[in-house]
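Listed next as structure tokens is one chain, alone, in the form predicted alone.
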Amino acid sequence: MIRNDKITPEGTGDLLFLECEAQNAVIGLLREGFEKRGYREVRTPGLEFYDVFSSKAAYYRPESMYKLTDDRGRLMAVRPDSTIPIARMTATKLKGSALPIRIYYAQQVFRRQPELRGKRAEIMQMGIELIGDAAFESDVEILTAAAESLAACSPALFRIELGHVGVFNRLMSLLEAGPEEKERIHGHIAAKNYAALSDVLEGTPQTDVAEMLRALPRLFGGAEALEEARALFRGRDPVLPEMLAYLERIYGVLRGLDLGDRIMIDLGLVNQAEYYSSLAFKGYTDFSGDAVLFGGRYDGLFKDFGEDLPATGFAVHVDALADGRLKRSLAACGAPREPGPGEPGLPPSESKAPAPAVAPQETARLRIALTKGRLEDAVVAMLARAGCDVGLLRDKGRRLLLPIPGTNMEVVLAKAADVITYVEHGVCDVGVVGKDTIAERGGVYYEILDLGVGKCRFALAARADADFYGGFGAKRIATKYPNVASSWFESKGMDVEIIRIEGSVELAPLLGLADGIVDIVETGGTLRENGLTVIEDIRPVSARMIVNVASMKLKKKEIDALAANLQEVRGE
């Protein structure tokens, strides 16, 4: 029997000396800031009854939680979130307390992550909750505390984006569409998948609502995003302008606090729209490929526990801030200067001053991950038409990291699946990859442009002399794309057995291993030469431009310029 006594489970890990020091420094800075504002610490159990997290709102999907049973067979969950248990605790242990209640916490949460994606399953979080206050000033207090927290722990470059999930929820309530269609719209807006969102909205009857939903993920940036939204909503709905006015008011107050360009707007911020009730926000730093701070107002949550209390708050991913702190410290080793206030290298007690209130400079370099092969050639040709010097890309030899002369861009050449990994982790800002890889692997990033090259399609194929849909038994399907295949057959209500094949999938029906295949088809020539025929087309495929979530916030100007240039030459 293989023993796993010398390794840690995937998504967890030991913290050694410098890692502990960095994490303790972040915890110390956050704790000091929270306590100065009058917040008091609480802790909730690492194990909760599953019922705590299984409300009708389904804030956390059951498959994302680690579950077990107690000695009486009752289902339990390892804590995936801190705010929900704090709501349970407040509604029971602190019932009748004077309001508002100011609480902070420092504890781990545990969430299942996709296998071999380098994501943490054990996450150290700190956060604050302001409970029992619905005033405008309470939202400002929380956002100011969030900005101070990032300034103390990541002074070099950070941004906070503001959104209002009420806008999305209002539009969805006005849209005549089924639950599955609405779920797809939600996913496309969250991922800034403009092309797919337009496709879904094509069949909706309400022109005004569809137009506003189609524009929602593009409404992000500075004051111009608010102006565009105001013009878009004017005269179309009486509720939307009120929500926008509230967001504008908060944006104005924060800008008045000398936060400069550290504050931005994103009306496409709809993640966990069922969790937050109105204001929602995220925070980003230059050393993490994903958001490191999440927050918003969640006035409906306490109703799950028999109370009706307004509340707002945020959580910080301590691990991500500690990683950034450690990277900055290591990068500064050998730099002939003393660290300034708030910078790595000083103990927490000496690192009190927040970053100067100046507008951060956009990071100059833009790193693009490009899929090697035919897609590479097509995109290099597009870059050439856009006016880029692609000489080094065409005469690259064996080099895999290549600058584009005269620009702030460099290209990384990689396999398709690795393009997604590099973008998701933030080591590359932008990626160009086929929709086939995106559909199979998933991930967290923005999909902002269909480049219109590398066109083909997913298709179901079988032997030309076979009746694929005949008979009563479950069909066997061979494919390189098991997730795509299983999702498609599930949507058709068909029970099939999926067999993963890495090589020439066309062999499987010829050898009797499978009844049919799901594969990429361009001309269909290979299928015909092997006695197969297309039974049904599944979905079109083409090259897409994907963007790291944090890069989209920190390098918006550069990314917008690149996307506009590629969009302009897309049809040539």
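The model shown is predicted, which means the values in this text are computed figures rather than measured ones. Here the rigid core means the biggest group of C-alpha atoms that line up within 1.5 Å when the two forms are laid on top of each other. Quick note: we count residues from 1 along the sequence shown, nothing fancier.
The following text describes the form predicted together with a small molecule, which does not appear among the structures shown.
Engineer: Check for me whether the small molecule, as it appears in the model of the complex, comes within 4.5 angstroms of all of Arg374, Glu506 and Glu522 - heavy atoms only.
Structural biologist: Every listed residue reaches the small molecule in the model of the complex, so yes.
Engineer: If contact means a heavy atom within 4.5 Å, which one of 85-93, 383-391, 202-210, 496-504 is the stretch that engages the small molecule in the model of the complex?
Structural biologist: Within 4.5 Å of the partner lies stretch 496-504.
Engineer: Examine Thr526 and determine whether its closest non-hydrogen atom to the small molecule in the model of the complex is within 4.5 angstroms.
Structural biologist: Thr526 belongs to the contact set for the small molecule.
Engineer: Would Lys327 sit within 4.5 Å of the small molecule in the model of the complex, counting heavy atoms only?
Structural biologist: Output for Lys327 is no: heavy atoms all beyond 4.5 Å of the small molecule.
Engineer: Can you check whether Arg117 is within 4.5 Å of the small molecule in the model of the complex, heavy atom basis?
Structural biologist: Contact with the small molecule, no.
Engineer: Does Lys480 reach the small molecule in the model of the complex if we count a contact as any heavy atom within 4.5 Å?
Structural biologist: Lys480: contacts the small molecule in the model of the complex.
Engineer: After superposition on the rigid core, does the Cα atom of Ile27 shift by at least 2 Å between this form and the one not shown?
Structural biologist: No, the C-alpha position differs by under 2 Å between this form and the one not shown.
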